[in-house]
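So this one's two forms of a single chain, laid out as structure tokens and tagged structure 1 and structure 2.
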Structure 1
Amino acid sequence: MKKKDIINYINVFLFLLPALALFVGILIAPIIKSLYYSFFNWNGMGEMTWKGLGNYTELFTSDAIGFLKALRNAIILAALSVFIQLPVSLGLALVLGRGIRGEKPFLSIYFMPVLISTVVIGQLWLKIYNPDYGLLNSALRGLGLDNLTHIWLGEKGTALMAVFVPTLWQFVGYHMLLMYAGVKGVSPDIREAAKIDGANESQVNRYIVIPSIKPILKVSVIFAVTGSLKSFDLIYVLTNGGPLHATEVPSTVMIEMLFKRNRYGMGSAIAVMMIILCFAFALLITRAFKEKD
């Protein structure tokens, strides 16, 4: 190897070193630490007692922790995101991608909720869902549909869906923008050729546009599923996991273990499981899209 090549490699390494140090210090090191703590029974201050896989066993067998129920809720939210949120985003992207009048203002309007703080969105929807003066119940009463009013965030049957609606409202514009970029990237010549051959707009979208943006659809599905698995802030503001754990998700269980019960070993085990689940689902989704290809 020439001396010049060695110097170039050294320069590249030195250039990447600060970013690598941040990546290791902020991401890799905490994951390793969490994995280490997950094998101990520890309250965060006192002596650490070796527990082995005991925390993980308790995680999946103890009803008192409620991790399996929280995981089920997260999977329900992920399914709702994939089968409701993403089709809505795709429909908006296909419509706006055709170049309708007011295309740019519509993009800004739909993307605006993404820019708002999640805590602010939570407070906004708390007011909408308020059973006494909230906009939703007031509208139902105004329409004479008093029997449809609910304590939306306070009833087990409605709480989880009530939590999902603000998530849909906040992130539908995010996924729409990703898909919109892909739709606009499809060559107009291909569209025109298909229409000359007799294809209507829906056939163009089904057989040309959607297959062309499949890589973007894969990214959106991964973001939607992993985002649901690690959702926290909006649920914490709206319900804090209630009522009666109806909206509990792994993140809220982890916070309870860490800061309310002082079980840092168990909280670390939940954190490790969340990381594993996010990676596993991302790999499964990637593989599913490859098989379809």
Structure 2
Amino acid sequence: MKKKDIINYINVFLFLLPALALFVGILIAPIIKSLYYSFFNWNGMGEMTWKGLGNYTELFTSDAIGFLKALRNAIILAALSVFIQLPVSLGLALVLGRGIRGEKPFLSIYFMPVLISTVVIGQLWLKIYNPDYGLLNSALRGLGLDNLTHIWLGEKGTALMAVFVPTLWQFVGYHMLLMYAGVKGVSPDIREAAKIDGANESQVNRYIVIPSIKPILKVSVIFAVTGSLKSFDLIYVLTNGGPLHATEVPSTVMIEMLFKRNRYGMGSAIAVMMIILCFAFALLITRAFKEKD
């Protein structure tokens, strides 16, 4: 009996080994190491000097690093994502999900931007925003609205929104797809019954469909918020945080600390803050959805 148990545990261990090695070796252990680095002043090569919580206090007080501003930008993005992007996704999912003609082609088209590499999308939007030859300014000039043209990515006033628009646009289709799957999961019988009772389309959506896809809405909100907190690719391609740090987000500040200023302790502190924020928001959102029940 005992021997069998031991063999069983050896087997369990062997089956878990590849996954554990990858997961612990490349994700968990490095994150613990990041936490450790974050208490030091370190240029990545030489001596590490203990700094305690110094990096964290500097992070929240130093204007030179601008972490609070980056965080503010990320939270604006998260809010736009939850209050503009997700409602658009939900609207599309509700319409397509009730089975209209052309449902599948529309679905496939709306999902397409998700598949395109963010670098490609970024390069495309660079061209759209190009001040001299870009589509946007050309269109405005063509309409005689010359005074509305901007150096979209180069002016402090417009850069942030110019970066956010493609970010939000790209993933509308992703959230739509998740919600659509949920809407399709609502039994047609219940729909039919509600209609016989005299409910119209929007009442069916409000009282039957939306409540029943709540778990998916929760997942979408969590993905939208944590995704905004860790957003990087598009911003890196479009502005890399500029002009004058107007479009900085936590991950661009982190990369700058690490690889431009060689401040590995500070970079690690930002990494740790991003983890804490992502978990905190995920928990908050889960709790908010529970209370509503």
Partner chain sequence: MAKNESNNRSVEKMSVKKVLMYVILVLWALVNLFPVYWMFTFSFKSNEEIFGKNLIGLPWEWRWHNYTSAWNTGNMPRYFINSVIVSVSAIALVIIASMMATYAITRLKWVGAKQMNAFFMLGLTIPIHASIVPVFITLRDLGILNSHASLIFPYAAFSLSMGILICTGFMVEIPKELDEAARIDGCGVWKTFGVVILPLMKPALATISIYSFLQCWNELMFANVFISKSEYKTLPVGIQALSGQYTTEWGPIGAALVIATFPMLIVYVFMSGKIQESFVVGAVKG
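Counting starts at 1 and follows the sequence of structure 1. The term rigid core refers to the most C-alpha atoms you can superpose between the two forms while keeping them within 1.5 Å. Model, not experiment: these values are computed from the prediction.
Working note: structure 2 is the copy from the form predicted together with the partner chain; the remaining copy is not. If you fit the rigid core between structures 1 and 2, you'll see the Cα of Ala280 move by less than 2 angstroms. Core-based alignment between structures 1 and 2 gives a C-alpha movement of 3.9 Å at Phe13.
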